[in-house]
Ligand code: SAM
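Heads up, the chain below is alone and in the form predicted on its own; it's given as structure tokens.
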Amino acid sequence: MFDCYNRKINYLRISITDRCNLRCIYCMPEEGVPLIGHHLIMPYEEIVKVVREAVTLGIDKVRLTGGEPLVRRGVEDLVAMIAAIPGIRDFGLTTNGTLLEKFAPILKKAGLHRVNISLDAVNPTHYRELTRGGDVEQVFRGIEAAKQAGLTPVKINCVVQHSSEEQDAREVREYCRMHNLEIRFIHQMSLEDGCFTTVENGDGGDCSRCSRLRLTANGKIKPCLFNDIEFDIHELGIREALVQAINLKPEKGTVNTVNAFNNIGG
């Protein structure tokens, strides 16, 4: 389907959990954030119903996000169910990579196509500070496991505070060059302030070309990351929520005061 601004909407990003095993400084405070009650988190079978309906409306690209999607039990079962839906040409997952060493071969066998991995620093001390305790060696092993499993191309997401010429960003770029990885630089964003820019080496942040819908972990369809608009699948029904989200997708982002990055998937 096309929205009112003649943009083809074919991409669905699905947040399957708002939980995460890291506390990145740009994503949430050290003490964490209020979490969605477990009873409100969509079961996998319901997520699959949304994907099936979305495909009938023209969605052919699906990405699982979080929080950190690999902390949710049985994620490989969800991957297998989505992979079995005809019409999906691009099926990916965004992860911080800390659990990927274990999951990469399992996810590939279940039908996942590829992964994007967050990596904001390769210096162990800097990475530990940015993530409040993370071990970058786990991420390195996860990246290698993804390559070995065939979850390619492996793409690296590097968040920068001011510029992709910052020291950590330069070091991540060199790491990617040495290991044949694609890299995208994402400038630090603020939902409440409406602060966002286009992604370097990617297509995110360009409102004129946006093809995305988002499904939150508690069943809200959001047509725009930087907007409060959302359509509840439980109140409207899955198809109506999707159709309204497409038809009412705003021309460009403004601000989002009802979500946080941990519960919308970025």
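Sequential numbering from 1, following the sequence displayed. Remember, predicted model here, so these are calculated numbers, not experimental data.
What follows is about the form predicted together with the ligand, which we do not show.
Within this chain, H187 lines the site of the ligand in the predicted bound form, having a heavy atom no more than 4.5 Å away. Looking at T94, you'd find a heavy atom of it within 4.5 angstroms of the ligand in the predicted bound form.
Mapping the unseen interface onto this chain, T216 falls outside it, with no heavy atom inside 4.5 Å of the ligand in the predicted bound form. Contact check for I36: no non-hydrogen atom falls within 4.5 Å of the ligand in the predicted bound form. Screening V159, A121, A104, V75 for any heavy atom within 4.5 Å of the ligand in the predicted bound form leaves a single hit, V159. The stretch that touches the ligand in the predicted bound form, counting heavy atoms within 4.5 Å, is 187 to 195, out of 147 to 155, 187 to 195, 169 to 177, 75 to 83. Although the ligand is not shown here, in the predicted bound form the stretch 55 to 69 places heavy atoms of T65, G66, G67, E68, P69 within 4.5 Å of it, in sequence order.
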